[in-house]
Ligand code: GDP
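Encoded as structure tokens, the following chain is the form predicted alone, with no partner shown.
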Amino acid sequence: MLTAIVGINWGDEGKGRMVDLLSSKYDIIVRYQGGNNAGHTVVNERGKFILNLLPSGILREGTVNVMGNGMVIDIEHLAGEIERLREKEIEVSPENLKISEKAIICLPYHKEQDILEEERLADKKFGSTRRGIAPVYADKYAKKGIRIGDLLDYNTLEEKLKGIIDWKNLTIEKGYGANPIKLEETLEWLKKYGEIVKPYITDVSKYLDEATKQGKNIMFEAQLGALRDIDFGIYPYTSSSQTISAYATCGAGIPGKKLDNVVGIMKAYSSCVGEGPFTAEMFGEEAERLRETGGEYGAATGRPRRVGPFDVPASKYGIRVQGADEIALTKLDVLSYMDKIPVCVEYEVDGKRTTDFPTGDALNRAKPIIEYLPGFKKDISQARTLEDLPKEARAYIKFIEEKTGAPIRYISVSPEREGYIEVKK
């Protein structure tokens, strides 16, 4: 079984929580894109964990975790993440962590360039996490990247790095007027953290191909959501990678394989970190109450997330481009304080109502059409079946299913691993 766990909306839907939950059924968990520009928060019997780079399956004993070729990896950040897990007695070893030799390294100068560009843009900034993601992906496609596999030979690494730094300084030094990148310092950084990463470097493509032939169950873990995809998201306010399920096997290293199942994750309301259009956004006290109740602060950056009601047009679009077979609805419990629950059921664009999700300038002109459903005003954290939920909560779930056209299989009612309902179809 090859299954992708993907975000339906802007990211931060709770993918890490669902990967941690469902990983008991899988042998291998693969992160296939992105870097440390977003975080997956997992709460289980061992505590609360925020993972930026490592697959969320690393927290479950018996799984093998893979970082695929589609990723961009800050090896300093990865070294710190590994150390923090070991401090909590979580095993991280070459037996349960394998890193593709084809993944690209996110270097200190990528982060510097990211910061310089955001500051140059000022009030027109994209809302970058300033962790170097756009510059490192740009270098990958300009064929100016350093791969994880380059750490295996420092002699050729230095030669490759020198040419890249000469080129990069045309931007850093002569473009932005910043201090030039120094070869010696960059090489020292690569060697220091490269020694920590080296034991995990693997021919991931071969490993995963053999695993599929052996009938292993593999889960592909996405970062961010459909609306942050470089092609299908709210461009240019997107990430720099492909967050959709169709890229899963490619970014993992087995492009010839096909997915058997796609689980789309979406919240019972909307949240968004960063800049760009967010049609159903709430403001003022209403937004602050939802943000605080849901703990809506970025796992990677700590930035307050923008929040709003569940967005039908955005979710229908995300479900379609992700090819989601079933849905996990997270954070339903957060809505328990509301007397009435708002839902954005349509957009109004240039005087016309639509459930289609527009792109380009039309999205900037979209206005939300809001309907209200009765609140359920009850603690649902102990519910383990649909029948345990108040009738108003069940009606809300059914409403979302009908409006989006996708079956809801899992419902999260508390942050803990066991705090969910599985709907038997």
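In this text, residue numbers run from 1 along the sequence as written. In this text, all values refer to a predicted model and were calculated from it rather than measured experimentally.
One more form of this protein should be noted, the form predicted together with guanosine-5'-diphosphate, which is absent from this view; the next part is about it.
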Which pick from A362, I397, V43, L373 sits with a heavy atom within 4.5 Å of guanosine-5'-diphosphate in the predicted complex?
V43
Where does guanosine-5'-diphosphate sit in the predicted complex: which of 35-43, 385-393, 363-371, 22-30, heavy atoms within 4.5 Å?
35-43
Though only this chain appears here, would S245 touch guanosine-5'-diphosphate in the predicted complex if you measure heavy atom gaps against 4.5 Å?
no
Contact between S412 and guanosine-5'-diphosphate in the predicted complex at 4.5 Å, heavy atoms?
yes
Even though guanosine-5'-diphosphate is not shown here, does R305 get within 4.5 Å of it in the predicted complex, heavy atoms only?
yes
Would K331 count as a contact of guanosine-5'-diphosphate in the predicted complex, using a 4.5 angstroms cut-off between non-hydrogen atoms?
yes
Let me know which residues along 259-286 have a heavy atom within 4.5 Å of guanosine-5'-diphosphate in the predicted complex, or say none if there are none.
none
